[in-house]
Structures are given as C-alpha cells and as structure tokens.
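Here we start with a single chain on its own, the form predicted alone, put down as structure tokens.
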C-alpha cells in the first residue's frame, strides 16, 4: 500500500497549516477568555477560509465545495484541529448527506452552506436518546401537504449561529419510520432553551431546542420517510473521521509544545529533555501519534480506493476510538511535562486538555465505538480490523 502523500496532498496540508497558524491561533486566547469572537473577527476568518480554498472540503466542486479526497479532508481537519476553542468549526463542512438532496434542496441549502452563506446544525440527541436513535421521541406528523414537528432536542451544537437545523424525527412516532427534515432556525415554534456551560468552551454552544407544532413543507424532507437512520449514520461516520483527524492534530500540537518546553527548561543544570524519564515520555508520545495517524490515513486511503460503505462505518469507529483515546493520553503527558505551567490557561496544552476530553464522548462515546467494533467482528470476522484491504 502506497501511503505517500502526493504533491497535491502536501500543498493542501501546507495551505491548511498556514491558514490555521495565521487565522485561528491568534484568536485562541480571545475565545478562551470571552467565550466568543467579535463579529468582525468571525467575518475575517470566513473570508480567509474562502481565500485558502478550505470551505466545504467534503463536497464536490459543482456544488461550491473543494472536492477533496478523504485523505485530503483528514489533512485539513488535522491541521485545523490544532487550534483550541473549537476554532476549527469556522472551517465549514456541511453535512455529507446533503450531497444526495434534491436539486432544489442543493440550491437552497447545500450551495449556500458550502459558500459559508448559510450554517447548518444537526439535532439528534434527546434527554433519553443519543446513540440509540430508536429512542428518539421527536415526531413528524403529516398535516395536509406539510409536516408538523414536535419534540425536544439536547446538545444541538452550533445552533447559536446556524440558520438551518437538520432534525432527526420519527414519522407518526414510529421508530421504523425515521426521517430528517431541514428546518429554518426562525421557524415559528422552534425555540432554543437552556445552554449549559461545558468543560470545553468554543465556537459552538450546545443548547436544548424545543419544537412545538413546527410546520415545514414536504420539500424540507431529506430523502424519503424511512431514510433517516441511514442519513444520520452517514453523518456520524463523517463526524467520527473528522474527530479522529482533529485529535491527531491536537496530539501533534501538544507534543510539539511539550518538546519545545523541555528542551528550553533547565533543572539541575541541564535541559529537562536530557533526563531519561522525560525522554521516555517524549518517545511514547511520538509513538502514539505515529500509530494514530497511520490508522487514520490508512482508513482514509481505503475510503478513497472505494471501501464498502458498511466497512467505512466499521473502520470509522476504530479511528475515532483509537485516536481520541490515544491522543488524549498524549495531551495529558504534554501537560504533565509542563509542570505547573501546564495548568495555566494561557498555555496551549491546558486548553488542549479541556478540548480533547469531549472527543471521547460526542458523536458516539468510546463505549459505543467498542460495541460497533465488536458487532462487526461477530458479523464479519476479525479480518475487518486485522487484515489489510
């Protein structure tokens, strides 16, 4: 298997790296201290995203995306993931299932989203439903030619600035009839409620949302009734691969910060980097990073080579599980190497420590990923994970 990056891949990586360092890193402390960025700063970042040709890297060029391969998308997410405070969220990636929308929906939603003229949130989780989407109680009932939506959603990430929200609901309350609807944020009956304060702080708020007799036309149904679970699974797969890539970026940055610190910090007359205990910590961090990136980019290359859809779902879970867990350990080690300074919020490692913890939880906890992996082994055998494709 040829895992070497092409010249185009390298150019994309360097472009994403330059963008992140020039347009995201400078605003990390403002985001951490205030919980938001000034409107003029957000506008400048979005302009820079377009100028760097990093908008909608996951969509085709004919719908205003960048048409990047999965390897290239991971390179972008890895570099942007190095920025703390969820600033990577400004590098928009409209939900992949929109590629299968109707021509009208593509014009109304996908193309504007790719151009950063419209922002889309995705709502699945409820008080008693999350990874188990069959427990969703949000309903969609036909009313003439329209649909009436009712229910409550939790953790609707990004709804604080989005203009459209994708709602996972069950038609007539039947779990066998899942559906996804495109709902305008200002539709009567849609209200945003309590917005909890989370351990990590950043671009996205994650509030509760209530739908009370929210009326939408049939043209807002994505796909057809019954497609909702497949649509949401596709979104989960995309999100899990992006998380894996971002985690690799966080791990790399944390290790770089720690390496620089121990090389320059002296104790007992010599740099910390010369102590064997510290050397071993650096070596383990480097090995974990190498292993995580090897797994991630192997899977990405397999996807680009035409990996079967069900196998993509199986392997995306392995990528999210391994990268989030192992890079969490890397960030923890990097903070430890900083000593007391690692607890100061002005240091990137402290912010990375808070940021990376959620990656083991959202879009499917580590335990859910293990269930998926174990289920695939039972159905398809260990070779799904132990053999090269």
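A quick note: this is a predicted structure, and the numbers were derived from the prediction, not measured. Numbering follows the first chain given and starts at 1.
The protein also exists as the form predicted in complex with a small molecule; that form is not presented, and the subsequent description refers to it.
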Taking the small molecule in the predicted bound form as the reference, which of 293, 170, 82, 206 has a non-hydrogen atom within 4.5 Å?
206
Just give me the single entry in 124, 98, 242, 71 that has a non-hydrogen atom within 4.5 angstroms of the small molecule in the predicted bound form.
124
The small molecule contact in the predicted bound form: residue 364, any heavy atom under 4.5 Å:
yes
Is there a heavy atom of residue 155 no more than 4.5 Å from a heavy atom of the small molecule in the predicted bound form?
yes
Give a yes or no for residue 358: in the predicted bound form, does one of its heavy atoms lie within 4.5 Å of a heavy atom belonging to the small molecule?
yes
Even though the small molecule is not shown here, does residue 198 get within 4.5 Å of it in the predicted bound form, heavy atoms only?
yes
Stretch from 130-138, 262-270, 143-151, 182-190 whose residues place a heavy atom within 4.5 Å of the small molecule in the predicted bound form
130-138
